[in-house]
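A single chain, nothing else alongside it, follows as structure tokens in the form predicted alone.
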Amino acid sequence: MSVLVDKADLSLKYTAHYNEVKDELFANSSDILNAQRNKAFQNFVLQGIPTRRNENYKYTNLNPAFMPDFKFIHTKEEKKADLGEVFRCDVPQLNTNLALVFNGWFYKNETEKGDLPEGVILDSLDSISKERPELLEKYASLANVEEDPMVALNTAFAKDGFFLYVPKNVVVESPIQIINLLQDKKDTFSTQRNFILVEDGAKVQVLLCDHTLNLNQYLNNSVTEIFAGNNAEIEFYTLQNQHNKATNINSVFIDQQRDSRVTSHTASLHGGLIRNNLQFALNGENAEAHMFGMAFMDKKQHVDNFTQVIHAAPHCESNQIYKNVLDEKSTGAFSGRIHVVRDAQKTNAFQRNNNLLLTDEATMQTKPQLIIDADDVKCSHGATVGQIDEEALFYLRARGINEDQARLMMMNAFAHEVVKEIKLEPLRDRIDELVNKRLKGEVARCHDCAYQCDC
């Protein structure tokens, strides 16, 4: 069967499902979530599920991931979120405010009260969009449904996810940790919509942990919108640790205002197919955006990081460092796009992608891009793809270090440039430990995650 026929069949399949459930979606959702539903689905139908013919998905064909006969979860299941019993991401000495997103639905933590400052809200997006719509009305369109069919599909089916609000000048001392779990008796399609609003002068750290708890096939299509007010500071960490039959499409859109500082860290330790879309819009002067990513793939796993940084105001700075270690028949891709608009003078923008291939069968595609419409800027980009330096390996072996240990030391040193940028010390130590296990070929699981390592 040709790709075109498959694409048409899949479009009909998802169109039929949307027409079947849209009345239920509209009836049970808020006006804010419903506002773009039909428009979004029309855009999805026009664009279709991305194949390599879509320039932004040139290195990732999503069609096979959409073929299983998935179960859709459009109604929240009744359950109590006891994270002490269900799951807790094991980060020793890291005191966090915990919450659970289960199959795309938010559950309040029933066992720990946490220590969130007064005025801070961590709740269900579905609930907040109905009860406090004023918190969303101004910012509800950061993710453009016309540019990416996966964002359009998410918007069409969106029901719930987490909502975080930090009021003006409030500092949240303890990180907020969202445990994002997938578990069902059937192969499952999960849609998750998240929103983070950090007002002027506020500060927060957010850790999102993605996990699977059994070996069914999962497709998680997630969109997170983040707004950073004037002089706000946000650290956003994503830890991806799922099995080989899981597809994770993760899109994050960040709007930064004057003097704001946002740092994103993405660690992809395990997963069948991972697509991370990350877009920063620096809309206020003196804003800073820092992006760090690392991935460790083996078997036939695939990771694709697609970043866009739009410098829309002068005197802003962005930095990107992404590193991949690819083993066996795994594949990777990086597309990084920096756009400096005409009036964004005095921009500093830097981008680097380094990749280490451990076998002749592992492959990497990398495409750094600069679009500069201003004339007073400092911008650079670069990419490398290679194998372990044999001269350096010989140097270590000549000093009594066996070959396996020497290779491990070099791979750890390669990854550490990204790991060291994690500011939460307990999390940095834990990631260091998980990376070390991953590079040794051990399963880098946080807790009771499920893995399927032979597919």
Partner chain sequence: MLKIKDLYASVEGMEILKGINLEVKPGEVHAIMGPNGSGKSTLANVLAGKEDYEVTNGEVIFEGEDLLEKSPEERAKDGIFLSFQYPVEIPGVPMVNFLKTSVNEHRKHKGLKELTAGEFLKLMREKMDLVDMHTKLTNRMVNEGFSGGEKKKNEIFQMALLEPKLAILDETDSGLDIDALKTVANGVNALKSPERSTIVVTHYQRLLDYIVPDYVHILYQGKIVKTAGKELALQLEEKGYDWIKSENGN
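Positions refer to the first chain, counted from 1. Keep in mind that what you see is a predicted model, and the values were worked out from it rather than measured.
The form predicted in complex with the partner chain exists for this protein as well; it is not shown, and the discussion that follows is about that form.
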In the model of the complex, the residue from I401, A35, I388, V45 with a non-hydrogen atom within 4.5 Å of the partner chain is I401
Within 4.5 Å of the partner chain in the model of the complex, heavy atom basis, the matching stretch of 47-55, 402-410, 63-71, 422-430 is 402-410
>> Can you tell me if Y395 lies within 4.5 angstroms of the partner chain in the model of the complex, counting non-hydrogen atoms only?
In response: yes
